[in-house]
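Shown here is one chain on its own, the form predicted on its own, set out as structure tokens.
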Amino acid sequence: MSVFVLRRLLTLLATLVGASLIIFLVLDALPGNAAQMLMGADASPDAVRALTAKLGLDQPLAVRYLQWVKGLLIGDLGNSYVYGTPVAGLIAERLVLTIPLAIMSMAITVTLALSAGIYTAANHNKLGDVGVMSLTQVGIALPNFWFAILLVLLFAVRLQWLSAGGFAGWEDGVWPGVKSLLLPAVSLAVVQAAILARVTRSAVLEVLREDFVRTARAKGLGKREVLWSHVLRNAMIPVMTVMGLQFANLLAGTIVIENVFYLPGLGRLIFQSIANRDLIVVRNCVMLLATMVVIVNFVVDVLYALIDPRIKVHDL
């Protein structure tokens, strides 16, 4: 197991290096000049050149990349071109909202998906199975930003139970903050839950056809006991795989949802920084998201061997 973890750690590091190269090169290739954006269209060429040199944008590509990687390793992410403040501080302020939002969305996704997937598999080809699967098909087809607007119209405008946007913060307690994030979290979770529910159903149905399940039933074990004690654990491998991928989708979805609900999170910071060509902020934010996704997938890989002992380390 230790050899496997070491191998996965090396893969993780190699993935992060590759991701950093792609992020840096793609953002650097974008048209436009950050100094020109900051100075305005009427700025003189000399003033633009001076600001370009001050920001270090006149240095060779390789030098700028190595300086950025060095800053990542020591925690110095540089200063924002637009705000003039440390990027690390900007990101830390926004993560206070984005991380709870992602956790809430993932919790809702897993709760809805596992419940629906197990229920439909246990009632295969019955009315409940057909009804829930039809709802998941609708959920997959819904764009999350459009569903978010529907939730605002219903719960904020018509019923006035929740606010239409903004973030109350954590200073006045946990509940006001959770209440502000409830609609965005549901908006992000519905589509992901629909996908995961179908995967869960397929995985459980496949395991239910295995010989050991028939043997357990022949020994007198009830359907419920077989399902929860034997089937579910063996069906979790493909479910865990999709859950790891869905975490990346949730993080990407925050960019849109945070703008719909006017939430001052990491997604909105990325959106605003792209509009302002504040590429140093965009670069570090995207690298942070990539790191989070890679770490989550590393954890999923390790959980494979813990969930299913039949899997050998060299199979992973």
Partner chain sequence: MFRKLSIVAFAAALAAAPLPVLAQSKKDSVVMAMTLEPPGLDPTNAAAAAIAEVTLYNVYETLTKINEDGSVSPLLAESWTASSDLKTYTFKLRKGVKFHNGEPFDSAAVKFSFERNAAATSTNKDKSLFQAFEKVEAPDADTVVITVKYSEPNLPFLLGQASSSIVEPKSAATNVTQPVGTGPYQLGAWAKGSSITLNKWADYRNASAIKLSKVTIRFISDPAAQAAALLSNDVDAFPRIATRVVAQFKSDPRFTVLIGGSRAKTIVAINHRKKPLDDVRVRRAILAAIDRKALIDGAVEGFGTPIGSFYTPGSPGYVDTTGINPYDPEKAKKLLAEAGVTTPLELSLKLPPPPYARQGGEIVAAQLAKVGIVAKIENVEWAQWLSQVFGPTGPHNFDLTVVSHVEPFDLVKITEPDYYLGYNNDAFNALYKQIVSTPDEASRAKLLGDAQRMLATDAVSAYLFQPQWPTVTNKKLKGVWKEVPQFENDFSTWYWE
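On a predicted model such as this, the values are computed, not experimentally measured, just so you know. Positions refer to the first chain, counted from 1.
Form predicted in complex with its partner chain: not shown, discussed below.
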- prompt: Looking at its partner chain in the predicted bound form, is some heavy atom of each of Ser44, Val138 and Ile149 within 4.5 Å of it?
  reply: yes
message: Since only the chain is shown here, I'm wondering whether Asp129 would be in contact with its partner chain in the predicted bound form (any heavy atom pair within 4.5 Å).
response: no
- request: State yes or no: in the predicted bound form, is some non-hydrogen atom of Pro264 no more than 4.5 angstroms from a non-hydrogen atom of its partner chain?
  value: yes
task: Using the partner position in the predicted bound form, report whether Leu38 sits within 4.5 Å of its partner chain, counting heavy atoms only.
output: yes
- prompt: Should Ala275 be classed as touching its partner chain in the predicted bound form when contacts are defined as heavy atoms within 4.5 Å?
  reply: yes
- request: Sort through 120 to 128, 206 to 214, 225 to 233, 160 to 168 and report the only stretch with a non-hydrogen atom within 4.5 Å of its partner chain in the predicted bound form.
  value: 160 to 168
statement: Assert contact residue (its partner chain, in the predicted bound form, non-hydrogen atom within 4.5 Å, options Leu182, Leu154, Ile195, Ile108) equals Leu154
Its partner chain: the contacting residue among Val260, Leu289, Ile280, Leu250 in the predicted bound form [heavy atom, 4.5 Å]: Val260
